[in-house]
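Taking the form predicted on its own, here's one chain by itself in structure tokens.
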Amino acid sequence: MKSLLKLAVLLPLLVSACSKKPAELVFAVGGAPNELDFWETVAADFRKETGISVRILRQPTDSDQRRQGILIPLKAEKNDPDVFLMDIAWIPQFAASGWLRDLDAAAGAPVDTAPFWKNIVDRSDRYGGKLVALPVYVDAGLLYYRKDLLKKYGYAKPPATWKDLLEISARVQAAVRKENPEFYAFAWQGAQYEGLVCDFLEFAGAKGGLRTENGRLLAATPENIKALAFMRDLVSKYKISPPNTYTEMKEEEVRLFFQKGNALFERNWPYAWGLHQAEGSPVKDKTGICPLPGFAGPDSVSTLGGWHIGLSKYSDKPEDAARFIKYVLSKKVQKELSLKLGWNPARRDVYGDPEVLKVHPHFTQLRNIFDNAVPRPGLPYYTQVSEALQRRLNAGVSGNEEPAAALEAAQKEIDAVAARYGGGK
């Protein structure tokens, strides 16, 4: 009888133990349906190789919604998600808030960062002396151009300076407009959003941008005022950029404008290449890419973008999570990212892979552009800095404020934000 009683007590416990699901990692990632399907495949392959289950927490495509979806559980100190992708601009805030685990410590040994761009890892993924993230996908601004139109009008190469771009644009636009009245020579992102800040940093060049001196982030510098005035003049004075530049032009609006054959030059991210080269595209095999111009040629700058992977401080499976991160960043998966999604992988060695170059010959040029890409300021309060800049830069481009006045107003707002947060990093 005693044996039966013991069995009666133990049986529910045994059933409960057997029915309990094995522990699994949770990976938060967003994007288009085909991108999320890819990550499901990566998770399945990782489980086959390691026995560790990974559940994909599907997030929206919208970047702000993705950020909010990660912030809520982090602020609540939840165990899940264990791992997540972050826009490069989020890393300082996440790190300063103490939400990111040291990847070296989680892996139990220093992580090998040699396969990645040193300028990206050192300037974006380290915080307080710790490695808190690693790049998965790399982005940088570049100039697209119509090879056929340049050749037709006698230009052997794309412009190296903004002066060259103006001269080429004026001539080609005047000629093409005789057949296409909707044609504008240069399309770029001027609407009030983060993309405008990225474009502004590129117009400002190596001598301008958002530099820090004596702990103060400088916006209203002579170089920056010159850049903002030039951005305004492209629309209102030279009239080589469409009048809706500062009201509507974001990445996709610019991409579609160029792809329809309505522009000679386009500032955009590398993602547009695959769409321009797709079957049915009016600009297929007519498009080239090169570094963005500068005012003096050598001062060309590309704003760094992309998505980085991080490990939550509150994860209860940090060792398994570190193994998953290592797998995502392996050459095998990074190569698949490129071949299946057309993404720009973070590993430099993929850019020399013959199979990849056969599909993406433009990777040879991208590799050089990424070498000189410059990140946005690594500040925990960058979001507030960007919001101030977006408003003032847009006012300057539209002509509602003079460039100097717009940047001086932005400077005051930035100083006030920095004072609230007690300075920099």
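The numbering used is simple: start at 1 and walk along the sequence shown. These numbers were taken from a predicted model, which means no experiment stands behind them.
There is another form of this protein, the form predicted together with a small molecule, and it is not shown here; the text below is about that form.
Participant: Would the small molecule be touched by all three of 202, 266 and 295 in the predicted complex, meaning a heavy atom each within 4.5 Å?
Facilitator: Checking in the predicted complex: none of 202, 266 and 295 is within 4.5 Å of the small molecule.
Participant: Heavy atoms within 4.5 Å of the small molecule in the predicted complex: which stretch among 153-161, 190-198, 328-336, 219-227?
Facilitator: Only one stretch qualifies here: 190-198.
Participant: From the list 305, 135, 242, 208, which entry has a heavy atom within 4.5 Å of the small molecule in the predicted complex?
Facilitator: Exactly one listed residue reaches within 4.5 Å, namely 305.
Participant: Could you work out which of 120, 149, 88, 346 is the residue within 4.5 angstroms of the small molecule in the predicted complex, going by heavy atoms?
Facilitator: Exactly one residue meets the criterion: 88.
Participant: Could you confirm whether residue 251 comes within 4.5 Å of the small molecule in the predicted complex, counting heavy atoms only?
Facilitator: Within the cut-off, so yes.
Participant: Can you check whether residue 67 is within 4.5 Å of the small molecule in the predicted complex, heavy atom basis?
Facilitator: Residue 67 lies outside the contact set for the small molecule.
Participant: Answer for residue 320 alone: is it within 4.5 Å of the small molecule in the predicted complex, judged on heavy atom distances?
Facilitator: Residue 320: no, not in contact with the small molecule in the predicted complex.
Participant: Can you check whether residue 63 is within 4.5 Å of the small molecule in the predicted complex, heavy atom basis?
Facilitator: Residue 63: yes, in contact with the small molecule in the predicted complex.
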